[in-house]
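Only one chain is given next, in structure tokens, and it is the form predicted alone.
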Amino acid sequence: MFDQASTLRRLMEEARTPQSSGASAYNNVAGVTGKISPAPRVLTVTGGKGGVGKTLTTANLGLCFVREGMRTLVIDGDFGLANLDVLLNVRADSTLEDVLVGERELKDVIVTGPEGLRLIPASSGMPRVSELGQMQKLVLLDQIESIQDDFDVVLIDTPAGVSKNVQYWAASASEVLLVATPEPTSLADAYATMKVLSQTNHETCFKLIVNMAKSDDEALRVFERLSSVANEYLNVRLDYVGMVPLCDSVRNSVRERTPYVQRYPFSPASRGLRGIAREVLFNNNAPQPKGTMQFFWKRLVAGQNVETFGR
């Protein structure tokens, strides 16, 4: 067990300490050596509607990142119906809830999945934390900051809907991946998700993954439709990062409790997701600090200011 109260006191003291946004952040992160490593990429995976394949996408995308040489952590952010551990076929003795109620430290609940993919599981069916309180948000922020040197990418799977917890995970991430299918209900919920997150979190950019598409043309039509309304009515940008075609290998992999990119590496779904992983990792701009309580914020700010500070 760790002392949540002392952690909160320390965080409050740091918040009261005046710092400049440039040199102080640089010094805090880089130390006396003047060297700084990049902040881990933090991506929240959301979709509004349940059943769009968001959790499957998270699990398999995490494995794709590992195969690209990235030290990858996936976090199950669904406190009520968590199942990332089931999809990855790993057993978890402790979960994220144990951290939030003060019984474990974050590093103690991380488990290893396929090919070295790391997982922070959540519990299912008996949640002790239905909605994160302010103290729990601060403790979680501090705990995740403590493992920032261990990972290159952090993927967060969110529950369905646009609850306060979904908003928190999105605000804490540097990038938001939006999963949608060609179904009209999914398109409506994807739009609603962008609307809520743009209004509550001031999100200005989303990355779209079209899942269960029958063809590239169908996926592009989904993107064009969502992008048009997002730009016109929400003033946000939607970037297309790829599609995962409708494929039997996905359904079969769930029954077999094995990621489809591992069990069926040459299937259309696996090929599509590998392309998405490379697009996200290598063809997108580096994450920028946002005006929210963002994971690894100090390192992100230091990374933005290191060149100027060194002059």
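Numbering starts at 1 and runs along the sequence shown. Quantities reported herein were computed from a predicted structural model and do not represent experimental measurements.
There is another form of the same protein, the form predicted together with a small molecule; it is not shown, and what comes next is about it.
May I ask whether Gly51, Met212 and Val254 each come within 4.5 Å of the small molecule in the model of the complex, counting any non-hydrogen atom? Yes, the whole candidate spot contacts the small molecule.
Quick check on this chain: which one of Val250, Val66, Ile276, Ala39 has a heavy atom within 4.5 Å of the small molecule in the model of the complex? The residue from Val250, Val66, Ile276, Ala39 that makes the contact is Val250.
Test of understanding: in the model of the complex, would Leu246 fall inside 4.5 Å of the small molecule by heavy atoms? Yes, Leu246 sits close enough to the small molecule in the model of the complex that at least one of its heavy atoms falls within 4.5 Å.
I'd like to know whether Leu43 contacts the small molecule in the model of the complex, with contact meaning heavy atoms within 4.5 angstroms. Contact check for Leu43: no, nothing within 4.5 Å of the small molecule in the model of the complex.
In the model of the complex, does Val280 come within 4.5 Å of the small molecule, counting heavy atoms only? Heavy-atom contact with the small molecule at 4.5 Å: absent for Val280.
Only one of 204-212, 189-197, 134-142, 161-169 has heavy atoms within 4.5 Å of the small molecule in the model of the complex; I'd like to know which. Going through the listed ranges, the match is 204-212.
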